[in-house]
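Okay, here we've got a single chain as structure tokens, the form predicted on its own, with questions on binding and movement later.
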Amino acid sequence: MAGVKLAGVSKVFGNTTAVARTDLEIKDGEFLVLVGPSGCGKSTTLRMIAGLETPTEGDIYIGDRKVTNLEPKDRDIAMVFQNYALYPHMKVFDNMAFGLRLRKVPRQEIEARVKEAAEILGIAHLLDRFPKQLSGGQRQRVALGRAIVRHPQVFLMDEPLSNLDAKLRVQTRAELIKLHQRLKTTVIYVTHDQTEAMTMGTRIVVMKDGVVQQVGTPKEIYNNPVNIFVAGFIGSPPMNFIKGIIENTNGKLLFKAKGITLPLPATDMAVPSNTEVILGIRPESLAIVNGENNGTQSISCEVEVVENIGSETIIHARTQGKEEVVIKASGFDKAPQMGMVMKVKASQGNMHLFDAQSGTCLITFAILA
């Protein structure tokens, strides 16, 4: 096992910067997830670590070795791709053993490694089958097995669950988490799915337009996003954003927007009056006010869509200022009807003030219900 370090690494294609200068250290045994929308540079970063792309500048280290100019085969890594890349004419055993045979590993050791990996992944009964006889989930486990038998220092995974259906994706996600806990090997995992990132990662790297926006644990990124992009990308449904201004009277802050006046907790941070800001509140931090008159502490909005999804109800509403607000409530009981005007208030979690121009988070407040 080994950690991975990127020191000033960037990648430029012609006039396009795919990955801006990046410094990143992945700890030994960590499960690090690179997440972001298509074109953010996450796969290019992974390909540079793998040796499939050469950095324009900077160096890459695996353990104590500088591998910037080494071939992929010499980096002691194993990759798992979105497409399983299995040989259709080979049985499962031979697919898993192929890389070891190329490295002239003794036959007895090959058999032991393949059987061990097959047992770990629950595919020991499939070793005599061809890929066409397997389901998508079974093929993905074979691809994982082919990587495991290598005993690499680092696993690199490029959206390995994208081709699976929703139920199988959840199941395989849990298997990967258990596999990492068992093997304790460093994993660098690329995905555009923020749910995968939040559930699997020891730490998350959020990227946009080739630039790392924030690095932290799932909890840190969820509770304290550094800017509007991270706040909106991480979380489902996404965070609510309401444009307005701040009134500051001797440190007492009021957030004002059309039809909304919200008192905010006192702060020592200097926020001048009439500063244009964007208030961020997560859907689960809002609660429906049932028949109470909360004055300036509540937000009046009109219900547009109600989504009943079993244990939760997702309510889409619109404020007097035409800002969309999403509320996540429990169950079906007393769900509002479309067209109904209701009031909601911040009841738990955090509120965030973002600079309206730069999108940077100015202050994070704990909501005091």
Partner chain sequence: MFRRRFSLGWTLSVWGTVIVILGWSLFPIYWMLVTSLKTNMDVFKVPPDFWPLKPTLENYTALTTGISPIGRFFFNSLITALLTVLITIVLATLAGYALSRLKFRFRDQILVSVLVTQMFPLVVMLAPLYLLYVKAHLLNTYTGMVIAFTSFALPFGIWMIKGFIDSVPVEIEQAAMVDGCSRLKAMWTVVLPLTIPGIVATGIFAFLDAWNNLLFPLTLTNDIMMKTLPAGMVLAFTGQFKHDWSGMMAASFITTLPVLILFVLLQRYLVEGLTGGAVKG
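Each form is matched to the other, and the largest set of C-alpha atoms that superpose within 1.5 Å is called the rigid core. Numbering follows the first chain given and starts at 1. Nothing here was measured: the structure is a model prediction, and the numbers come from that model.
Form predicted together with the partner chain: not shown, discussed below.
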Stretch in contact, per heavy atom within 4.5 angstroms of the partner chain in the model of the complex, of 193-201, 254-262, 142-150, 274-282: 142-150
Proximity of N83 to the partner chain in the model of the complex, heavy atoms at 4.5 Å: yes
Contact test in the model of the complex: P131 vs the partner chain, heavy atoms, 4.5 Å: yes
Heavy atom of F98 within 4.5 Å of the partner chain in the model of the complex: yes
is_contact(E71, the partner chain) in the model of the complex, heavy atom dist at most 4.5 Å: yes
In the model of the complex, the one of R107, H125, R103, K167 near the partner chain [non-hydrogen atom within 4.5 angstroms]: R103
Position in contact with the partner chain when the complex is considered in the model of the complex, options M342, L52, I314, A335, heavy atoms within 4.5 Å: L52
Within 4.5 Å of the partner chain in the model of the complex, all of V19, K27 and Y61 (non-hydrogen atom): no
Residues of stretch 159-174 in contact with the partner chain in the model of the complex (4.5 Å, non-hydrogen atom): N163
F130 C-alpha shift between this form and the one not shown of 2 Å or more, rigid core reference: yes
Core-superposed comparison between this form and the one not shown, V215 Cα displacement 2 Å or beyond: no
Core-aligned CA displacement of K91 at least 2 Å between this form and the one not shown: yes
